[in-house]
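In structure tokens, the next block holds one chain alone, the form predicted on its own.
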Amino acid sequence: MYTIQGYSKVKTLEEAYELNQKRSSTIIGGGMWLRLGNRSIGTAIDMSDLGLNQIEETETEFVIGAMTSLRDIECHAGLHQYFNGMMKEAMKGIVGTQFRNTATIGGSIYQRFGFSDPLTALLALDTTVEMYAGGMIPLDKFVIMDYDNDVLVRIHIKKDRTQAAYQSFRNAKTDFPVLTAAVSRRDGKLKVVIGARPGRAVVAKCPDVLASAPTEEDVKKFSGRVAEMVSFGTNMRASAEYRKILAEVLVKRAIMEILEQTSPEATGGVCK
């Protein structure tokens, strides 16, 4: 629960940035994640008039405004087609459709929640965050940075013919994930990301190179070695030992899914 003492619907990014320098100010985005804690907000900064709720596709990248809803990303035909349905898979398990219609990608990424499905998925891709003051920062660097009062403006995802797959496990359909895993492959090289450890998502250090035409047993052994190189914690949803077992299973599933993919265009529909 939170309370708001003042409200400002800003007209420029500069105005949003200046207001956000006050410790009591907060960018509200969709307002959904603010409900996770108890706090008093001096000034709620609303950026809904800045045109940051669009997804643009160019020849080289997808550019997603910070105010874009998770549902819009889930249903975007270009993202779905190019990344083999990965982004839809990463979004569809987040609470429910009504929630995803309101929650924004900016809030999901800026807060760097351990349970964030979008963070895990985007880390597996060539993703850069565009900050108002800090400029362009690779997501794998941004995720380990300390929080500051900068403003996240857009997210950039390169179109580099990456194949990708996303997996998650939940105790209940609309609950936060127990564990998440995303795998991408470009030029034969795999990138593995593990999230909901329950800490922030991390890029796993792959122990070796997987064979170009691996058997299912090869993939299982590789996934097991990856799980050994990631640290896990215990919370109310699962123990560290259970998460380690899940990691091996989810990474294997994601890799097997990628091996079955033919090209970034070989997917079906988007949202029903």
Ligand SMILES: Cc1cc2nc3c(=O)[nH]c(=O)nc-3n(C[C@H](O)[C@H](O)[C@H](O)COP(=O)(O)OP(=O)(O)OC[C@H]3O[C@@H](n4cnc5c(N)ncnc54)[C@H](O)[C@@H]3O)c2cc1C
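Quantities reported herein were computed from a predicted structural model and do not represent experimental measurements. One-based numbering along the sequence shown.
The protein also exists as the form predicted in complex with this ligand; that form is not presented, and the subsequent description refers to it.
Next item on the list: Given this ligand in the predicted complex, answer whether the residues Thr26, Met32 and Gly107 all have a heavy atom inside 4.5 Å of it.
Entry: Verified in the predicted complex; spot residues all in contact, yes.
Next item on the list: Could you tell me which one of Ala103, Cys75, Ile157, Val143 places a heavy atom within 4.5 Å of this ligand in the predicted complex?
Entry: Comparing distances to this ligand in the predicted complex, the residue within 4.5 Å is Ala103.
Checklist line | Segment that reaches this ligand in the predicted complex - one of 76-84, 133-141, 90-98, 185-193, heavy atoms within 4.5 Å | finding: Going through the listed ranges, the match is 90-98.
Notebook entry, point to check: Though only this chain appears here, would Gln111 touch this ligand in the predicted complex if you measure heavy atom gaps against 4.5 Å?
Noted result: Close contact exists here: in the predicted complex, Gln111 approaches this ligand to within 4.5 Å, heavy atoms only.
Check: Taking 4.5 angstroms as the cut-off for heavy atoms, does Ala66 touch this ligand in the predicted complex?
Finding: Contact with this ligand, yes.
Checklist line | Partner proximity in the predicted complex: Asp126 to this ligand, non-hydrogen atom cutoff 4.5 Å | finding: Because no heavy atom of Asp126 falls inside 4.5 Å of this ligand in the predicted complex, the answer is no.
Check: Applying a 4.5 Å heavy atom distance criterion, does Ala247 contact this ligand in the predicted complex?
Finding: Taking the distances in the predicted complex, the answer for Ala247 is no, it never comes within 4.5 Å of this ligand.
Note to self: For the stretch 128-152, I need every residue with any heavy atom inside 4.5 Å of this ligand in the predicted complex, listed N to C.
What the structure shows: Heavy-atom contacts to this ligand in the predicted complex: Asp150, Val151, Leu152.
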